[in-house]
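Okay, here we've got a single chain as structure tokens, the form predicted on its own, with questions on binding and movement later.
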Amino acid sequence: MSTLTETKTATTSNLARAKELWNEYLPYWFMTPMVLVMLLITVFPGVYDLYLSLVHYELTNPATMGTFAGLSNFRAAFTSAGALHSFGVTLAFVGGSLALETAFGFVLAALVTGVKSDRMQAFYRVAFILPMAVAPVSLATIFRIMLNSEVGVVPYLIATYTPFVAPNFLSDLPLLTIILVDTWNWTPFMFIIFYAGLSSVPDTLVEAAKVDGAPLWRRYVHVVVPYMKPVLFVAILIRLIDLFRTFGLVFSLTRGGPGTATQLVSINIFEQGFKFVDLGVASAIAIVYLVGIVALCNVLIAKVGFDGVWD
């Protein structure tokens, strides 16, 4: 009888302890499925990509598929003329687009902030955000028609209303064209963030500078921009990362051409993997590209972020 009572007491105690543990870690139980899903869709592709980069995986050469390749795929990623060229094109595209989108986004935000009427401010906000709502593939199709040298409206307007000869944008100025189209598409993103940042600048700071006789450009350079450093840095960092991921717009617009004039790294990876069906080299280039982007962002955060923005 005594043993039965002790057993029941122990069972009750264990159940109470289990219930206590369940309640104590309840938030973690709810998060566990999502964490597992995130690990499945992030860690597994990364590990599989690393595996592919270390083996021969050329679908046209099944005899060597799956055999250890050492660092030969990474050597191809660094020494291949096409790979190095695509890195250069990507840097030019990212640098040009980021500079234009930052400049235009800030100017538009400053102009809209200066509008006195709330109704007109709301109208401009909606009008300037619209380009960002267009899908990259649709945008590329629209601009392919607009820039067409035979039926496009842009060459027609240049030839009709200016003394210049309209160039064939997609063959004569391909890199500049994709930079301008991306700028048109994504300047609204910078505009939104800068508009929010400018709206947070205290009026008292600007008014004090105005009372001291500072002209408009000096008020922006010495008061507004320093106050907005965190906003500027975060916006530029987010857009920088997104620009390195660009694929759909450029692929739909030029497919990396003419030749390799607009072949970004993302397009080069696609061609290595699905055109030349060499998944080993494609995976190696992707890993080098990812490591480079992460390293660049970490350097920016360490050198500019903590020392120059949030000090």
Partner chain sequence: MPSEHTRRNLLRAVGIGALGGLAGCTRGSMQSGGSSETSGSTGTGESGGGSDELAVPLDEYTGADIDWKQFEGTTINIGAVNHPWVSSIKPAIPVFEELTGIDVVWNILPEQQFRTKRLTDVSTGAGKFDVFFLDQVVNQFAESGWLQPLDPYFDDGSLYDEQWYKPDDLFEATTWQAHGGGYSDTWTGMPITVEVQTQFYRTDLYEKHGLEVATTLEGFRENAKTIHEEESDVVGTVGRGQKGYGMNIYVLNTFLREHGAELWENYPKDSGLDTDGAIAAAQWYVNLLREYGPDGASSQTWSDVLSTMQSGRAGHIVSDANLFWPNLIDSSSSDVADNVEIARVPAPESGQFGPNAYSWQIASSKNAKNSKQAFLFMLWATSEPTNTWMHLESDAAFSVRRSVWENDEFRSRVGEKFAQVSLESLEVAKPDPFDRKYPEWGQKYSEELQKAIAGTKSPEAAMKRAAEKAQQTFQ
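Residue numbers count along the first chain shown, from 1. Computed from a predicted structure; not experimentally measured.
Although not depicted, the form predicted together with the partner chain is the subject of the following passage.
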Option touching the partner chain, based on a heavy atom within 4.5 Å in the predicted complex, out of 229, 144, 125, 239: 144
Among 276, 51, 44, 29, just one has a heavy atom within 4.5 Å of the partner chain in the predicted complex, namely 276
Only one of 182-190, 199-207, 145-153, 96-104 has heavy atoms within 4.5 Å of the partner chain in the predicted complex; I'd like to know which. 145-153
Spell out, yes or no, whether the shortest heavy atom distance between residue 171 and the partner chain in the predicted complex is within 4.5 Å. yes
Looking in the predicted complex, any heavy atom of residue 260 within 4.5 Å of the partner chain? yes
Non-hydrogen atom contact residue 37 with the partner chain in the predicted complex at 4.5 angstroms: no
Contact flag, residue 244 vs the partner chain in the predicted complex, heavy atom cut 4.5 Å: no
What are the residues of 38-71, in order along the chain, with a heavy atom within 4.5 Å of the partner chain in the predicted complex? 58, 59, 60, 62
